[in-house]
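Encoded as structure tokens, the following chain is the form predicted alone, with no partner shown.
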Amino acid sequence: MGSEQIVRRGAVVAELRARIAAIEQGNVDRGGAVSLGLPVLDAALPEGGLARGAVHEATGAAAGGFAAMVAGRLEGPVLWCVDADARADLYGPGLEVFGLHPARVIVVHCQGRTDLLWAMEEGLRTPVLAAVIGEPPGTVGLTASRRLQLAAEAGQVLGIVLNPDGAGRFTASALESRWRVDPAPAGDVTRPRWKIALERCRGGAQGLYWMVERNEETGDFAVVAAPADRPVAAAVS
């Protein structure tokens, strides 16, 4: 790593620390796992919710909404790492729909995959953060996923890798769980639906899916009466 890159990364870390300190409100609650707000989904996970101090993967067209929903159930700053060449700024009102106020989100625009994964690792080692969400280009393989997982364990921060197109589905990974979240047809436009599949989970159930519906007025999710309890083929990890 060149001296200029070291200096630039040092400046990024210093800026992030300052921004985190500016928006932090109290201590982040580290008790237990993070509930998804749906008992039937929580029951499928070994800790009764998404494990903290671990990194999870979300794929599918609604993966970003799922990540925002999870982060919205936490308290404290959220670090969201994006590839500067891959997407525009996050849409604040869209985040707020899922309970994640834009004022809590620190967006880091990274130049390429290497810098993005580095930023995620640094964030995951920072205990004051509630969550770290990242959108790395390409597949996160075994080595990169192990590094992320170790960083999350060190900081006891929840991480989510966004992989909307599902690339690398059959690639070995050290991530804690893998979800696929896609929009589903809804009978009522005010109650949009997602099909949520738990494709793999370390030490827990996998190959399950649920159809869930969101009440636009209250923001609550509910499992709907759909063929959602039938298992689907589990992804190879």
Partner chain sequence: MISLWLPRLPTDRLRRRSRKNGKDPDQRPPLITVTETGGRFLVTALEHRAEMASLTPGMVLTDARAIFPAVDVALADPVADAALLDRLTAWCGRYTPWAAAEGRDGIFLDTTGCDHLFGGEAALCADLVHRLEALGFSARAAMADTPGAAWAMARFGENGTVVPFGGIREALARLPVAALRLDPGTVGGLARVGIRVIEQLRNMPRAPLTARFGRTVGERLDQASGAVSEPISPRKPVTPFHARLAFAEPIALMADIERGLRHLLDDLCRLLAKAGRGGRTLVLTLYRVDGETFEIQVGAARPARDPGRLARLFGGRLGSFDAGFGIEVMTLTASVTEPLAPTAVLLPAATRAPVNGGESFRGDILAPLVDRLGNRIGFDRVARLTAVASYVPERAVRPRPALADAMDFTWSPDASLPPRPLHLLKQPERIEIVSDTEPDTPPIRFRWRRTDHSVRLAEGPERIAPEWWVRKAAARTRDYWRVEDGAGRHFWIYRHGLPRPDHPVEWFLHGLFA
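Keep in mind that this is a model prediction, so the values were computed, not measured. Numbering follows the first chain given and starts at 1.
There is another form of the same protein, the form predicted in complex with its partner chain; it is not shown, and what comes next is about it.
- Of the options 48, 204, 37, 192, which one has a non-hydrogen atom that comes within 4.5 Å of its partner chain in the model of the complex? By the 4.5 Å criterion, the partner-contacting residue is 192.
- How about residue 136: is it within 4.5 Å of its partner chain in the model of the complex, going by heavy atoms? Contact check for residue 136: no, nothing within 4.5 Å of its partner chain in the model of the complex.
- Message: Given that its partner chain is not shown alongside this chain, does residue 62 nevertheless sit within 4.5 Å of it in the model of the complex, heavy atom to heavy atom?
- Response: Yes.
- Message: If we define contact as a non-hydrogen atom of the residue within 4.5 angstroms of the partner, is residue 92 a contact of its partner chain in the model of the complex?
- Response: Because a heavy atom of residue 92 falls inside 4.5 Å of its partner chain in the model of the complex, the answer is yes.
- Item | Non-hydrogen atom contact residue 128 with its partner chain in the model of the complex at 4.5 angstroms | Looking in the model of the complex, residue contacts with its partner chain include residue 128, since a heavy atom lies within 4.5 Å.
- Between 173-211 and its partner chain in the model of the complex, list the residues on our side with a heavy atom within 4.5 Å. Counting only heavy atoms within 4.5 Å of its partner chain in the model of the complex, the contacting residues of 173-211 are 183, 184, 185, 186, 187, 188, 189, 190, 192, 194.
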